[in-house]
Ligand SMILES: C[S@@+](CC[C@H](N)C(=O)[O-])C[C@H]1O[C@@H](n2cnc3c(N)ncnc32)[C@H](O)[C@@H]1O
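The form predicted on its own is given below as one chain in structure tokens.
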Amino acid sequence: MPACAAALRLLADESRLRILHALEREPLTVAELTTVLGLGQSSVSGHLGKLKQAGLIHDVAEGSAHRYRLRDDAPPALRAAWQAARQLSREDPVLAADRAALAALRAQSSRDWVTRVAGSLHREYAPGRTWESVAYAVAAAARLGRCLDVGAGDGALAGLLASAASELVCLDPSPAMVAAGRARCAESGLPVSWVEAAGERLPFPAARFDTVLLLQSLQYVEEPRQVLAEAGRVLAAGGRLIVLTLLAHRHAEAARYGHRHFGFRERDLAAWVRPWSPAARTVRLPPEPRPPRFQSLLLIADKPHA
């Protein structure tokens, strides 16, 4: 009965039981366990190594540290032994003290995090606080009306846009992209129309849409000036064109992504839409954090009411 004896020896140690009870509440690092349990770092690391080798816990890298958590797929016999030991030990006063210490650590960590990220929150990760989730929240308040997405690709943004539009038409010149987009929307049940066509020759009548979007697609077209003219033609009076593209740059990496144009100058975009939107405005967005630090440019062009 070597396996049974090994499991009993593993769970007979008070420190290892305290570690397992703490990890049952939440994943923790060696430093956090050291603080909560009042044990030395080498002792905690040694116990974690034995628990990990047995298959009761595993660790996930988190920066320079590792966060340990209980395994959901621990060996059945060992998992049953731990549950039995858990029931026998759960009322121990030492564990109540450990729970209080963990609660105090969490409260302090929360205060420290808020203080630390003040002024740099835009660069920090917080659970659920992603650009994607923020975009969905903003889209919920948007009113795109009859919307045309020029250069829609494979429809990765279709769900986001459809929630803010009374009608969404996705257009792309690539047969592969259109096929993939149709499949994506069909699978998701999104009421989206797909059209295979070039942005320079939009197959729609004048004043067909309330909103036209070009979201990082202008750098792929052959004639960007003609695309923007076509956007103005199909916009209804009072409609809006939103272009998100790259600011003019010299980064050779762009060619690897199939870009025909190395970004655009603000004055050129404004000049190209001026015939139908004399008050268009541009906004430079912050450069990307990683090299070569591409910078995006936002053009907002409103078509005046007749």
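A residue's number is simply how far along the shown sequence it sits, counting from 1. Owing to the predicted nature of the structure, the values given are computational and were not obtained by experimental measurement.
Not on display, but discussed next: the form predicted together with this ligand.
Shown here without its partner, the chain carries L8, G46 and L51, none of which come within 4.5 Å of this ligand in the predicted bound form through any heavy atom.
A residue is said to contact a partner when one of its heavy atoms sits within 4.5 Å of a partner heavy atom; A156 meets this definition for this ligand in the predicted bound form. Remark: Q226 does not count among the residues lining this ligand in the predicted bound form, judged by a heavy atom distance of 4.5 Å or less. Looking at E196, you'd find every heavy atom of it more than 4.5 angstroms from this ligand in the predicted bound form. Contact check for F209: no non-hydrogen atom falls within 4.5 Å of this ligand in the predicted bound form. Annotated contact segment (heavy atom within 4.5 Å of this ligand in the predicted bound form): 214 to 222, selected among 214 to 222, 70 to 78, 83 to 91, 96 to 104. In terms of contact with this ligand in the predicted bound form, the residue from A142, V169, M177, V234 that brings a heavy atom within 4.5 Å is M177.
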